[in-house]
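Shown here is one chain on its own, the form predicted alone, set out as C-alpha cells.
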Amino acid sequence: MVSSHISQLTVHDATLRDGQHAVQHQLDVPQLRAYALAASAAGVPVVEVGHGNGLGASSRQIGYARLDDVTMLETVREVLTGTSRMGVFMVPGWGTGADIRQAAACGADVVRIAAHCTEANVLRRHLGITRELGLEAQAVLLMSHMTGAARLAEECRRAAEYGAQAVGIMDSAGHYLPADVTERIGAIVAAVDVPVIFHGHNNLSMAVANSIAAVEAGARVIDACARGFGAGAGNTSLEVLVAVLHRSGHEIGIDLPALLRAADVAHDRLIAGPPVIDSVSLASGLAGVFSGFKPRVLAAAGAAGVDPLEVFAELGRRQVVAGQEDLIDEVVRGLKVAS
C-alpha cells in the first residue's frame, strides 16, 4: 500500500537532457526554447535539461555539448511558466558541488544525483548540498539490472537516509521485462517512505509497459522523453506514457492535447529521425549495456571490420558502465585479433 502523502503521480520529462544522447548533446538555444515552451504549456511537472550525462559532463571522453550548462539552464528557465519546474541531473565525478550551486543560481528546482546501482554511498555529499540550497533532492541508481531487488531496496533506503526526497532506479540498458520492474519497484516501495522513481529505456520495446508496471508496483515519479528521444532505441515515449496513464484513469495534471503538440515540436525540431529498435540496440538491451555506447561501438567495429553484436556481447560480459567507453576499443582489438 502506497502512503497517502506520496500517492501523487508525477511525470518527469527528460527530453532536453537524456534525449541529448540521440544528437550527441548538440541541441541549440532555439531548440531548447521551442520544446521547453511547448512542454510548459502542456503542464509538464518537471522539465530536465543539460548534457546527456548531466552537469559538468561535457568532455572529450563522452562528448562535448554544443552549449555550456549555464546557457542551457538559463534558456529553459526563462521560458518555463505555470507549474513546470526545471530539473537537472548529475553524476558525481562528472559533476561537482560547484555545478549544483551553479544550477541553483540558474533557477533549478529539482536536482537528481545518480550513482551506480551498488554505490549509493557516493550520493551523501551532493544530496546534502542540494538540501542545503533548498532544492528538491532526488537519487537514482544506474544500470540497476546489475543487482537484485533486495540490494536495490537497501541502496535506496540508504539514499533516503542521506536526504533524498525521492529515490529510484534507471533501466539504463533497456534490459528489464515488466516482472523485473514489479519485483524491484515493489521492494523499494516497501523499504522507503519517499516517492519512488522509475526511468525506462526501450531496447526491448518494453519501456511503456515497464513504466506502467512500475506505477502499479507503487512508483510515483516516472521518466519519459518526447517521441522516445534518447540514445539507441530511446527512452519511454512521453506522449504514449501519458496517454496510457490517462486511459488507465490516472490524474497527472498534464494537458494531453497540448502534450501531443509538444511531441510534434520535438519531432520537427529536435530529432533527425525517431528512435528505432535495430539489431544493435536490441543486442545492447539483451547484453545489458548502456545504449549510449552505440555510436562509438558502431564506429570502432566498422573501422576494424568486426561484428558490433559481438562487441556488445563482450561488453555485457564485462559489465561495463558509462564512463568506461575506452573499453570499447580494447574489446574491438581483442575481437579483431581473435578473428
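Sequential numbering from 1, following the sequence displayed. Everything numeric here is computed off the predicted structure, so don't read it as measured data.
FYI, the form predicted together with a further copy of the same chain isn't displayed, but the following is about it.
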- Note on the structure: Note: a further copy of the same chain not shown here; in the model of the complex, the stretch from 192-200, 248-256, 146-154, 128-136 having heavy atoms within 4.5 Å of it is 248-256
- Query: Considering a further copy of the same chain in the model of the complex, which of Ala187, Ala115, Ile212, Val79 comes within 4.5 Å of it through any heavy atom?
  - Reply: Ile212
- Answer key: of Thr71, Ser205, Asn121, Thr96, within 4.5 Å of a further copy of the same chain in the model of the complex (heavy atoms) is Ser205
- Message: Quick one: Ala243, Leu260 and Leu309 and a further copy of the same chain in the model of the complex, is every residue within 4.5 Å by at least one heavy atom?
- Response: yes
- Message: I'd like to check something about Glu183: if you look in the model of the complex, is any of its heavy atoms closer than or equal to 4.5 Å to a heavy atom of a further copy of the same chain?
- Response: no
- Query: Taking the shortest heavy atom distance, is Pro295 within 4.5 Å of a further copy of the same chain in the model of the complex?
  - Reply: no
- So in the model of the complex, does any heavy atom of His175 sit within 4.5 Å of a further copy of the same chain? yes
- Report yes if any heavy atom of Asp109 sits within 4.5 Å of a heavy atom of a further copy of the same chain in the model of the complex; otherwise report no. no
- Message: For a quick check, can you give me the residues of 283-308 that have a heavy atom within 4.5 Å of a further copy of the same chain in the model of the complex?
- Response: Leu286
